[in-house]
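This document starts with one chain, in the form predicted alone, laid out as structure tokens.
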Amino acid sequence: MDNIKKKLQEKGLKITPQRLAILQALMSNKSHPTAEMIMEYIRVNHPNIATGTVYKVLDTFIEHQIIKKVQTEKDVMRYDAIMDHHHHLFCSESERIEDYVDIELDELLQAYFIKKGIPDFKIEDIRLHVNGKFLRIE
């Protein structure tokens, strides 16, 4: 909980029970939850939290770069609390999303785009969203 409070303080955000609950839900759920999944999780301890509050807090977190959005192929918005650079593996059958970190791939992509370039476009970040099917079940 101290880590969550520190994260909010660093971004200059007021610490509220709603913000703490939502960020804790995101940080404890590594499956890139939807807003509905987050609400289901936090309503166990905060049954009166409004749906609108959850969406407003998520938007505030995105705006302050505490979390980021991950959009699925079916246009479902998911949320990711890991801000370190990584890619995503997306299972088309289960819609499970897993983080994928590969420094060699990052270097390869950066070198490729430096060499090739895209006219009239400045690349700020490169993140892959790899679609496929997981062969193991969790």
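Just so it is clear, the structure is predicted and the values come from calculations on it, not from any experiment. Position 1 is the first residue in the sequence shown; the rest follow in order.
The same protein has a further form, the form predicted together with another copy of the chain, not shown here; the description that follows concerns it.
Shown without its partner, this chain lists 44, 50, 77, 83 as candidates; in the predicted complex, only 77 has a non-hydrogen atom within 4.5 angstroms of another copy of the chain. Within this chain, residue 69 lines the site of another copy of the chain in the predicted complex, having a heavy atom no more than 4.5 Å away.
With a 4.5 Å cutoff on heavy atoms, residue 35 does not count as touching another copy of the chain in the predicted complex; it lies far away.
In the predicted complex, another copy of the chain lies within 4.5 Å of some heavy atom of residue 92.
Contact check for residue 109: a non-hydrogen atom falls within 4.5 Å of another copy of the chain in the predicted complex.
Shown without its partner, the chain has no residue in segment 7-42 with a non-hydrogen atom within 4.5 angstroms of another copy of the chain in the predicted complex.
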